[in-house]
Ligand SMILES: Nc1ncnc2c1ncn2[C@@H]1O[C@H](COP(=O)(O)OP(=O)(O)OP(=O)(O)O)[C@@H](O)[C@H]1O
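Presented below, as structure tokens, is a lone chain in the form predicted on its own.
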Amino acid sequence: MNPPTNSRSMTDEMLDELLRQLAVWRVELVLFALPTGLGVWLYVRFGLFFAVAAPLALVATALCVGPLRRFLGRLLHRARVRRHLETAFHALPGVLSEKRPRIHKITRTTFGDRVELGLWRGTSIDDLAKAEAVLAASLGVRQVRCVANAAKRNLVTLTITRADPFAIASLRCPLLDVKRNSLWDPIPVGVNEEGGIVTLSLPERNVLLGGEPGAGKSVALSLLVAAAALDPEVDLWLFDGKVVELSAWSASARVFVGHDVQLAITVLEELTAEMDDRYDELLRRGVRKVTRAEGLRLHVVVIDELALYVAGIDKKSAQRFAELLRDLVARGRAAGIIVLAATQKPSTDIVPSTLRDLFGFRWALRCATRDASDTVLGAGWASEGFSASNLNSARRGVGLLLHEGGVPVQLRTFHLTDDDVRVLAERARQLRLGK
């Protein structure tokens, strides 16, 4: 009698499952087989004593030699992550269970793991993004986040977060331990989801910061101002719509402007003339842009509450200020002029798109809506999974920074108390006095 059809299919399924388990446990099986195989071979050749002693010595060496122990630890950790991921992929519904992503590389981070994946034809990052919550539950971790490679959409970086890197009440700013800073060096601004330090390079860059009130925008801006103020070779031009936010740095500033829009226009005209003089100087030197080697001073223009100057009651003055600032942002980078502008919502009705789109770096703190987040970061980022409206409102200082990497990075900003600002401002003042 022929066996039932379903009996053969059940056998096939059991064989498939056995092969799959052997594949996912392959590293552990190999590490187990090495001392076991050595013991069997020694038992056959030399007897029981050597069969027991040699494998024990091998295991003891692996545990006692630091570099070897750490290497085996990394190997076993990657194997465990791979096994759990493959099991989680296998349990996913839909196309991903049949065309499971290929795991290329696993890197351990401070708070989890970063996994490089390859997608099969017929699948996309959208399929994986929809399964983020399911994957996090299957892995028993806090969060799973996937980001597609900008150049190759079939390559995906999966970030597994096991602990909350932003749970610390406040992160001490490294600038507090610096006596003098150089703005040509990257500025440490916060900690990312993996626990790594996020830095920001300002030369030849302009930064637009946005977010709802209380999100930590002023602290983020103060970090950048502090880095510039602690470099006595930098000229600070401060425009403070609220007067009080940047007032601590006024003693280190070349110019400090409050809510007087006409004065702000006059100062921008002076700065534009200085930019033109700078280009004449570069022409005489035969160079195209200001570099560290040229020895020319950097100019940092800081504008808090940008909306006051570009969307005020006096439309003619607002338009004039916007035109001058647009010219400064567009042409000032090569001349060593850096513009840092902050506003609650840089929408088109407040900040003209012809000005807003010139800012290469964007920093979005917590926003009320996806549209508001896209207004800061740029259109389309929310649909890619980067929306500052999804940030926890209780975590002040957490935001998304779009800078050198070309993809927004979630980070928590280093904290500066009012006392910290006073300490740094006094240090900057003393530096500029040559003391």
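What you are looking at is a predicted structure, and each value in this text was computed from that prediction instead of being measured. The first residue of the sequence shown is number 1, and the count goes up from there.
A second form of this protein, the form predicted together with the ligand, is not displayed here; the remarks below concern that form.
Check your understanding: Would E245 count as a contact of the ligand in the predicted bound form, using a 4.5 angstroms cut-off between non-hydrogen atoms?
Key -> Result yes; E245 sits at the interface with the ligand in the predicted bound form.
**Study point:** Partner proximity in the predicted bound form: S170 to the ligand, non-hydrogen atom cutoff 4.5 Å
**Key:** Contact with the ligand, yes.
Point to revise | Contact flag, H403 vs the ligand in the predicted bound form, heavy atom cut 4.5 Å | key: Flag for H403 set to no.
Check your understanding: Using heavy atoms and a 4.5 Å limit, would one call N192 a contact residue for the ligand in the predicted bound form?
Key -> N192: no contact with the ligand in the predicted bound form.
Point to revise | Non-hydrogen atom within 4.5 Å of the ligand in the predicted bound form for each of R396, R412 and H415 | key: The answer is yes: all three residues contact the partner (heavy atom, 4.5 Å cut-off).
Exercise for review: With the ligand left out here, work out from 205-213, 99-107, 73-81, 117-125 which stretch has heavy atoms within 4.5 Å of it in the predicted bound form.
Suggested key: Among the candidates, contact is made by 205-213.
Check your understanding: Among S218, T161, S138, N181, which has at least one heavy atom within 4.5 Å of the ligand in the predicted bound form?
Key -> Spelling it out, the residue with a heavy atom inside the cut-off is S218.
Review point. Hey, which residues along 342-381 are within 4.5 angstroms of the ligand in the predicted bound form, non-hydrogen atoms only?
Key: Sequence-ordered list has one entry, Q344.
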